[in-house]
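Heads up, the chain below is alone and in the form predicted on its own; it's given as structure tokens.
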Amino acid sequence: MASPRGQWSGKLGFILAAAGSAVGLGNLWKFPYITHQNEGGAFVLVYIAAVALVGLPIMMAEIILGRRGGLNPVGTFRTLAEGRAGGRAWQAVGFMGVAAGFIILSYYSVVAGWTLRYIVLAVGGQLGELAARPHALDEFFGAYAADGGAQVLGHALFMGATMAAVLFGVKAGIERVATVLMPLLFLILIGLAVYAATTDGFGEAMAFLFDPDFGALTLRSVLEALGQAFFSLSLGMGAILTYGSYMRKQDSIPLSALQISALDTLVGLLACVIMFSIIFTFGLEVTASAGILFTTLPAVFYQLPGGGVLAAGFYILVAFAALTSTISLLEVVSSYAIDELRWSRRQATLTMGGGIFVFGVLNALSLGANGPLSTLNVFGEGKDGMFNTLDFLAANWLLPVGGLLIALFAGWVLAARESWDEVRQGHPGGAALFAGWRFLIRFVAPLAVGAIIFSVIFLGMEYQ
């Protein structure tokens, strides 16, 4: 019987939805940026190792907990922690995940809204006109970010699309959107990568990415690879746990987690091939700001043959990646209201989505439209504005602390026989694999995520 909460129609639906949750703006710009910052090849290998040894085990842990508990993050920890050390205090981990989903979606949808504006500009030809004039793109983007009405409109449109998908439920909404958007996303990404192969900088990009220089590695590089591996997989916020609660018992958790992680990593690597081919072709300066996607890149696109099509395809790609991520964030929050407050899906989606939209208006106005919101500073230099404040809070505290506690619960509180009961279903004969996962989730993953938190507190590193 299908769960009354909803259930994926099959393994493919779960993998595409979970991969969609993981794939986002971080894959398309943040990973290329930090790869460039850490001098390529060797960093990429460390990142892949971090995905395998840290990200994949924590993803398996979230799916195990989700399917075992069969509820939202709060309900899952309440159910599984009953009668164990710590008792219901473990519910705090679930609440932290729901809060993270609420906060992240409130500002992520603002950035996602930018992609809609740029798709319209690219299709209508105005983006090409801006790209043809010196400094016009920078001036336009600065004025656009400070235009409160435009920011709220983009935020509203993206939240509307997100709520529409979640409103229809797990199978008819989230899964259906993922099974359409994810293949399209990969087609666009592969098309752009093929195009990148025709540019002058393609050979240099491939050498930069896949010819490792281990002498360039530093402790900071390793910590950044750990951080990117953790954040890229959408861990620590309960999204994968929530999606795992809709997973069928006959589907393999290890194989599903491996496929999701591989798809997410592939997107990041393809994005690097595309970005570095363009960067090395035109000698671009690489900055940490995602704003470069909306200022520098359009100017470059229109210097290439078919630049208008290239620009439109790129912003559609970014919009698809953002939408599959925002859907998972809203589902975390909505599932809490459905399970714990006994709301209908319609009530949960509209109320929680509406609340996030209202809260997100403050973020939309904190990019220059409103003085007090734009100058708010809680965490120090470089974090001015409510938008940046919440981004820093989520990325540097809520997610890593949540991920650490999930690893500790799965490795040290949940009994081995309970984890094994979930792993062996759909994956018989995997005792050796389970033993390896058990070691990684008990010892390696907590130490690695603890190192991320240590780097924030004592080394002043930031993950945004």
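A residue's number is simply how far along the shown sequence it sits, counting from 1. Just so it is clear, the model here is predicted, and its values are computed rather than measured.
Unshown form predicted together with a small molecule; subsequent notes refer to it.
Next on the checklist: Can you pick out, from Ser277, Ser232, Ser334, Gln151, the residue that has a heavy atom within 4.5 Å of the small molecule in the predicted complex?
Outcome noted: Filtering the options by heavy-atom distance leaves Ser232.
Next on the checklist: Counting any non-hydrogen atom inside 4.5 Å, which residue from Tyr315, Phe387, Phe158, Tyr108 sits next to the small molecule in the predicted complex?
Outcome noted: None of the other options qualify; the answer is Tyr108.
Next on the checklist: Given that the small molecule is not shown alongside this chain, does Leu241 nevertheless sit within 4.5 Å of it in the predicted complex, heavy atom to heavy atom?
Outcome noted: Leu241: no, not in contact with the small molecule in the predicted complex.
Checklist entry - So, in the predicted complex, is Gly26 in contact with the small molecule at a 4.5 angstroms heavy atom limit? => result So Gly26 counts as contacting the small molecule.
Checklist entry - With the cut-off set at 4.5 Å between non-hydrogen atoms, does Ile104 touch the small molecule in the predicted complex? => result Although the small molecule is absent here, Ile104 would touch it in the predicted complex, with heavy atoms inside 4.5 Å.
Checklist entry - Using 4.5 Å between non-hydrogen atoms, is Ala22 touching the small molecule in the predicted complex? => result Yes, contact at 4.5 Å.
Item to check | Three-residue site Asn396, Val449 and Ile452 fully in contact with the small molecule in the predicted complex at 4.5 Å by heavy atom | outcome: None of them does, since no heavy atom lies within 4.5 Å of the partner.
Checklist entry - Okay, which stretch from 26 to 34, 433 to 441, 417 to 425, 48 to 56 lines the small molecule in the predicted complex, with non-hydrogen atoms inside 4.5 Å? => result Single hit among the candidates: 26 to 34.
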